[in-house]
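Coming up is one lone chain in structure tokens, specifically the form predicted alone.
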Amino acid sequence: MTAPMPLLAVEALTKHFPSGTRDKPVRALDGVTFTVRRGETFGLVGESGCGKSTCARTIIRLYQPTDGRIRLDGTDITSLSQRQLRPFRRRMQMIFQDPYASLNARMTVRDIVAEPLAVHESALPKAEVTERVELALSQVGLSREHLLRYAHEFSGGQRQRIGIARALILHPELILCDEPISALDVSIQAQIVNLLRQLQEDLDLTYVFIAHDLSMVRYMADRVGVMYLGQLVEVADAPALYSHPLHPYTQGLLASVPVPDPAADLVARPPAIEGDVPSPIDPPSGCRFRTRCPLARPICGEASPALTDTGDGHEVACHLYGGPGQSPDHPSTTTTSDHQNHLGGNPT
């Protein structure tokens, strides 16, 4: 039986930015490949500066790709002009990280949420526009009494709800969530992720969910991709990745998550990641994680490992894994039960 076509397919996506050195660009993305199935949530995690947000902005064509392919429901949108891209922009929208900076302070809530309609459905009568805006606001827990207020009159959580309403107004299929909770208080974060899950269920949405909070990603995502210095190093179903991480970087990330139980620290866990992230202008040769990896071998500096399926769709880019079922000698990848419970906790 043929597998259904993914809603989003990213193939060897590359984005380089100019730097002060003529022959050495900032290699923000370097050959990222993954797919997102219709109706699922694909999580992207990694340290700050690893390229997660650049990936989202390049997918939605806020940045022009340097190389690679972006396919939306089978159609290559990589090189489309802005005019050709317009019908596809209706189908994919973005929720930005900072609810303070992403809303125009000079516009009312009605105008902010209605702005996509002004671009894509400019012939709509004013009354219908207002009706559509009220519906979008009600879907995110706001009401018509908020229509004529300005962004500065709202809390951070309310502003992010306005941003979500703006993303919903065109009835998209795919929403890229660029760290939508990182600027919010912890109690508000739980409300927003639960809202996103409810909207996904009600509206049959597909998400690319970017975050550095591993517990939230586990709660939200069906599959997870781990990024390091512009490249994917591991992709797996969320339960498999959290219960049995393969890449030393993924193990280090999970080991870095604080556990609210002092006794848990007495149980042996993989060592946390040491050292600093290298410069994306001059990344290490071969495996980019080798300069911080406790398991690095000579081959790690000679060749860049490709994502390899080790079984059941669990892919890892590491020279320690040569093929399906192969498992090297390395520190235990099994986390403690307390650590697993903490990562898998429900935000409610």
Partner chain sequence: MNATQSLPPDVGWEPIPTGAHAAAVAPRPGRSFWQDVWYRFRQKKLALGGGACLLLIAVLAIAGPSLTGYSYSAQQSSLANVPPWLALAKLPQSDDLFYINPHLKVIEVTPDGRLVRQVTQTGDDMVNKRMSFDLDGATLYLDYSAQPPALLDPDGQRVPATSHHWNTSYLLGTDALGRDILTRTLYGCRISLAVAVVAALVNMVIGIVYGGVSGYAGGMIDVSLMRVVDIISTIPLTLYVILIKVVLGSGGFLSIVIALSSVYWVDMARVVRGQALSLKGQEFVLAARTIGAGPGAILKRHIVPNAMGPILVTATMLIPSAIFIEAFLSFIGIGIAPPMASLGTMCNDALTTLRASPYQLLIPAAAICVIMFAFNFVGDGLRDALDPKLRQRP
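Positions refer to the first chain, counted from 1. Just so you know, these numbers come straight off a predicted model, no measurement behind them.
Keep in mind that the form predicted together with the partner chain is missing from the display, and what follows is about it.
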property: Contact assignment for the partner chain in the model of the complex, among S79, N104, S155, T75, heavy atom within 4.5 Å; result: N104
property: is_contact(Q93, the partner chain) in the model of the complex, heavy atom dist at most 4.5 Å; result: yes
property: Non-hydrogen atom contact D98 with the partner chain in the model of the complex at 4.5 angstroms; result: yes
property: In the model of the complex, K126 touching the partner chain (heavy atom, 4.5 Å); result: no
property: Partner contact for A306 in the model of the complex: the partner chain, 4.5 angstroms, heavy atom; result: no
property: Heavy atom of each of L62, R89 and Y150 within 4.5 Å of the partner chain in the model of the complex; result: yes
property: Candidate stretches 65-73, 35-43, 52-60, 283-291 - the one whose heavy atoms come within 4.5 Å of the partner chain in the model of the complex; result: 52-60
property: In the model of the complex, residues of 104-134 near the partner chain [heavy atom within 4.5 Å]; result: N104, A105, R106, M107, E115, P116, A118, V119, H120
